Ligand SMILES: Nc1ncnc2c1ncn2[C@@H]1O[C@H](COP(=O)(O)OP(=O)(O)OP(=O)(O)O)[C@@H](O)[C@H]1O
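First comes one chain, alone, set out as C-alpha cells in the form predicted on its own.
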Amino acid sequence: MTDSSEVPSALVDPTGRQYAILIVDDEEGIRESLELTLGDDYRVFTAKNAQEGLDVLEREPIALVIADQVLPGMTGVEFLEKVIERNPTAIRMMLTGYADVASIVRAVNEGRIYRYIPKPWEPAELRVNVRRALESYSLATENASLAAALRDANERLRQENLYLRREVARKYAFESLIGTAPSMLRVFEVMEKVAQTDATVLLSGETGTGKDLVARAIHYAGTRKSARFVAQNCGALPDTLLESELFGHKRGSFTGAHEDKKGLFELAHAGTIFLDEIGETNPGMQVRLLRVLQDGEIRPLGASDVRRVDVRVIAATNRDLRKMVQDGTFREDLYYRLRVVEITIPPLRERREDIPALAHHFLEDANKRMGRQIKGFTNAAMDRLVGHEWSGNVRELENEVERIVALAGDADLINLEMLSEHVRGRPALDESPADVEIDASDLNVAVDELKRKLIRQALEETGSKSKASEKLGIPRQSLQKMMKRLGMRDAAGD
C-alpha cells in the first residue's frame, strides 16, 4: 500500500492542459469512485458501455483508457482492441474482479494493456499507476513528435540535396561552358564522347584555363553523376598528408592521427576523383596511384588490409608530363595510364573571340553577388580586354572583372580607366584593333601604333606576310623586321 502523502503531482500535456482520461464501466458506483479519485488531477470522461466509450474517443483527445474487463455487448479486451484502431497511442488499463489468468493474458496480448487493476483498488496506488502510465504516454508522444520532426527534416534535407545536385549538374553542364572558338569546340566534342565512358582522362593546359570546370562537366554529364565528385590539388599538401588525404589512415598511424579517417578515394567510391597538379607528386605517390589505376585497390596508412574502390580518375597538369617522363621525374607507366584520353585546354590568348562572352558572364555573376547593376563594357574597355595577354587565363579575367565590379560604385558601364593598370597600360604585343586609341602625346609611339594597325589590317585582308608586304609596298624582309621591332607576334613566318 502506498501512502497518499507520497503521491506525486499530476502531469499536464504539452499545451499545459490536464490529460484526459476515459473510464468505461457499467457500474455507476465504480465510475463515480474512479472519477472522484482522479478528477482533481485530470479531465475525466465516463461511459457506461463500449459504444459510449468509442463516441468519447471520437470527440476527445484521450490519453488513458480504463475499461472494465466485462462490459455489456462486448468484452473489455474487444473494446480495447477497438480503442487501438481509433487511438493507437492511448495508454490502456483494465479493471478486473476475476482471477482468470487466461483472460488477463489475452488482455495483455491482444488488448495490449499497460496494466490491469484488481478490484477493489487502493486510491493512492491507483493515482501512482495512472501517473506512471501518463509519463509513459508523454514520453511516447514526445518520441513520436521527435521522430516525425526528424522524418520531416530528413525529407527536407533529401529534397535540398536533390535540388543542390540538380543545380550543380546544371552549373557544370556542357552548355554552361563558354566558348565558340574552334579550339574550344574541339575540346567540347571530346568531352561529350568521353563523358559517357569510364576512361581515365588527363587534362593539360596552363594555370587558370578551367581544367577544374572541364573535369566537373565530364563527371556531371556521365553515368556517375549521382555519386560524389571530389577534388584534390596534389601540389597543395606535403607527401604524408597527401597520402592520408587520398588513401585515409588508421588511428595512431602517425602523430596527430587520433581516429580512423577515410580517404578521398573511398569517399569517391562509384564517383569521380579529380587529381589536380598531378605532375607535383613524388615517385612514391606515383607508385600508389598506379596501383589504384591498375587494380582498383587502396591501403590506408597504418592498415594491413587493402580495400577495393570503384572510382573514375580525372587528372590535370600544367606541366609537360612527356618531358618529365624523359627526364625521369614522372613514371612512364603512370603517364600512359593517366592519358587514356588527353584533352588540352587552350590558353585564353589563343581563343580571344571568347573573351567578350566570358567577360559578360563574369560581370553578370559579380553583379548578382555584389548587388551591382553594371550593364556592360565600353568598346575601348572591351578592346583592351580582348587584346590583353592574360597569362593567368580565364581565372585572371574573372578576377579582373570581379575587382572592377567591387570598385565600380554606381557606374553603368565599365570603361577603360576602370581596368587595372597592367591591363589598360599597353595592349598585348599583337594587338591592333581597328579602333585602337592612339596616344598623340608622343609622336614615335603614335607612329608605331599606326604601323601596327596598318600591318594587322593588311595581314587580315591578305592572309600572308608576302601578300601583306605587297599591299603595303615594302619588301617582305622589311615587313618582318618591322613586326619584330614592334613586338608583334608571328614575326618569324607566315
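Worth saying up front: this structure is predicted, and the values here are computed from it rather than measured. One-based numbering along the sequence shown.
Another form, the form predicted in complex with this ligand, is not on view; read the next lines as being about it.
Quick check: do Leu177, Met184 and Asp276 each get a heavy atom within 4.5 Å of this ligand in the predicted bound form?
Every residue of the spot touches this ligand in the predicted bound form.
So which of Phe229, Tyr137, Phe362, Tyr335 reaches within 4.5 angstroms of this ligand in the predicted bound form, heavy atom to heavy atom?
Contact residue from the list: Phe362.
Quick one: of Glu280, Glu245, Glu266, Asp212, which gets a non-hydrogen atom within 4.5 angstroms of this ligand in the predicted bound form?
Result of the distance check: Asp212.
Since only the chain is shown here, I'm wondering whether Gly222 would be in contact with this ligand in the predicted bound form (any heavy atom pair within 4.5 Å).
Result no; Gly222 lies far from this ligand in the predicted bound form.
Using heavy atoms and a 4.5 Å limit, would one call Asn318 a contact residue for this ligand in the predicted bound form?
Yes.
Does any heavy atom of Glu400 come within 4.5 Å of a heavy atom of this ligand in the predicted bound form?
No, no contact at 4.5 Å.
Would you please decide whether Ile113 lies within 4.5 angstroms of this ligand in the predicted bound form, comparing each non-hydrogen atom pair?
Flag for Ile113 set to no.
Picking from 388-396, 121-129, 82-90, 287-295, which part of the chain touches this ligand in the predicted bound form when contact means heavy atoms within 4.5 Å?
Of the options given, it is 388-396.
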